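Okay, so here's just one chain, in structure tokens, the form predicted alone.
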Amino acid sequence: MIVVASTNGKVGIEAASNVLRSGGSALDAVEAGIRLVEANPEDHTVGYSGLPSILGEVELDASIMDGQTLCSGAVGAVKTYKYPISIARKVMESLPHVFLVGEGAERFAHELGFEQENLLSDEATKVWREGLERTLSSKAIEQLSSHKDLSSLVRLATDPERTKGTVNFIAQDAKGNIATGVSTSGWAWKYPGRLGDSPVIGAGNYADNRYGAAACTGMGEMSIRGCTAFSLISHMKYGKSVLEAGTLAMEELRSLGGNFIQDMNIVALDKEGNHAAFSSIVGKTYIYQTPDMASAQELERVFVKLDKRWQLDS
């Protein structure tokens, strides 16, 4: 039994480990861990207090996957519910669908009795405004909702260092079942309705008991294009170790063309419980905990170099 998570999962990994200690499922552990991150006001990349779109609206995305059945649930662009990971799980368990977005996801959450609330904190509002003020006037910020060319402003206001920020959890329970979950508030100052990889099965999240699981955080557009989570699992399917598979999945991103390439991070687990993590940033870490450990241990990720480029003028 084990829980592996991105470093910002520290606030939830003990709860996830407790689920496994008490005989709970990998799905239960993943959901329990992520909910605590979603509720953490100090984390501006996930859940409540997440950094908003260019219009100042928080939009949350999440997905969860059961490695035993390959059943999945995902939601995107959720504006008024703090726990998208739990909504995603209900999509998986209650509907014949996998993915709900926007008004449909919110209606579904309301039908199930999830509590609505304002997700935009004062601190996130301050960071949002300060970020926009680097390129936009106060008058322009006040008139954003009626701007006729919002896409051009998104290009100008985008901070490539804020294209990443997500929580990843992977758990394996006493029965050997694996589950993974991902939750995010997405790219800060994004175009309204933008979805990254976090809710996209195969891109930001994948689990299969036969091989293992992987979850991504970084510039989600890259892992969508590279099907990065599934790519890693595919390499394990064909005999690569988790270390080899993760390195290959990262290296494959070097083939991506286009003007916008930034950073990528992956956490991974194989069916034997071996774990590893990868990053295009030197010194990045991840955490893991087994039920017999008193606390989580933090380890450095394997560094895989990616050539970053950010070309607004082409």
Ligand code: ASP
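Everything numeric in this text was worked out from a predicted model, so none of it was measured. Numbers for residues come from their place in the sequence shown, where the first is 1.
Not pictured, yet referred to below: the form predicted together with this ligand.
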property	result
Sole residue of Gly76, Gly212, Gly73, Gly218 within 4.5 Å of this ligand in the predicted bound form, by heavy atom	Gly218
Segment that reaches this ligand in the predicted bound form - one of 225 to 233, 193 to 201, 89 to 97, 131 to 139, heavy atoms within 4.5 Å	193 to 201
Contact flag, Thr184 vs this ligand in the predicted bound form, heavy atom cut 4.5 Å	yes
